[in-house]
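Next up: a single chain in structure tokens, the form predicted alone.
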């Protein structure tokens, strides 16, 4: 093994397939999008080179700023509501709750369901006329709360987040669950001998030792929220009145509905840079917390 690791030719040989895949499906498409972002092009014929004018236009685009605001709200909800809820479930299930394997499976089922199917499912739940949510409220005698959940600006954004929470709660929970199971029992036993309660074990032992896993989940959750597309597109298409529109949907409609390929490509580059910058900031935050600890 040491001989292979010291052989630079062997290292290059093993890394080459992965590097080629990354080059073909990530690096080259990004470079092509960046080139298109410097053009005034409708997708047909030859584009006109306009330099950074598309990026300058983005600075004055209120619709884009609204889309960014919505994506940041999704990111905040994902980090401060979804992940703590997933952590609570992971700790609960990992502590030997009855039917542990069943719960693990049930929570993970939404992850393997197609996002389009989930979007259609929640559309039926939110439906004004026959939706499960309105019917449930009526049965409880709260019919005055019945409304068009996805058709109003005040409720559409939050109602769009709930299916995302439901779909990915099992994904993050399972990662955290595996991390908790990887913590040595001897550490917990020593703390319990010293008189620690289960709550104190979770706060002072499980969570600190789970920080590398929490960092991974936070990164996945943050990037997923910033580039969310399919579920929002199926549920609302970005409406009503752009109240649920996020940068990825704005990019899609700009390119394929308005045929502004140059400007839409500039938005795509912005999404990439946004994810990159926020990932760095998140890593710095976890690094500073670790140094403080």
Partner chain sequence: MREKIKIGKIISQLFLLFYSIVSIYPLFWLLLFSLKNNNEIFGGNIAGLPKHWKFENYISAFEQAKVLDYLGNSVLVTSITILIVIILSSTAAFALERMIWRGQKTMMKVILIGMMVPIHATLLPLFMVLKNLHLLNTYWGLIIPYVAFGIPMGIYITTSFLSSIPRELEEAAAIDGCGIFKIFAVIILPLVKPALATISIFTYISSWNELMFAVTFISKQEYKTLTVGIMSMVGAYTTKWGEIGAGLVIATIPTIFIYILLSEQVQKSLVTGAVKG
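Only a predicted model underlies this, so the values are computations on that prediction, with no experimental measurement involved. Numbering follows the first chain given and starts at 1. Rigid core here is just the name for the largest C-alpha set that superposes within 1.5 Å across the two forms.
In what follows, reference is made to the form predicted together with the partner chain, a form of this protein that is not presented.
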Would you mind picking out the stretch of 202-210, 94-102, 73-81, 149-157 that comes within 4.5 angstroms of the partner chain in the predicted complex, counting non-hydrogen atoms?
94-102
In the predicted complex, the residue from 137, 111, 183, 218 with a non-hydrogen atom within 4.5 Å of the partner chain is 111
Wondering, does residue 251 line up within 4.5 Å of the partner chain in the predicted complex on heavy atoms?
yes
In the predicted complex, is there a heavy atom of the partner chain that lies within 4.5 Å of any heavy atom of residue 256, even though the partner is absent here?
yes
Is residue 52 near the partner chain? Define near as a heavy atom within 4.5 Å, in the predicted complex.
no
May I ask you to check whether residue 127 falls inside a 4.5 Å heavy atom distance of the partner chain in the predicted complex?
yes
Check each residue of 164-184 against the partner chain in the predicted complex and list those with a heavy atom within 4.5 Å, in sequence order.
166, 169, 171, 174, 175
After fitting the core, residue 56 CA displacement of 2 Å or more between this form and the one not shown:
no
After the core is overlaid between this form and the one not shown, has the C-alpha of residue 19 moved by 2 angstroms or more?
yes
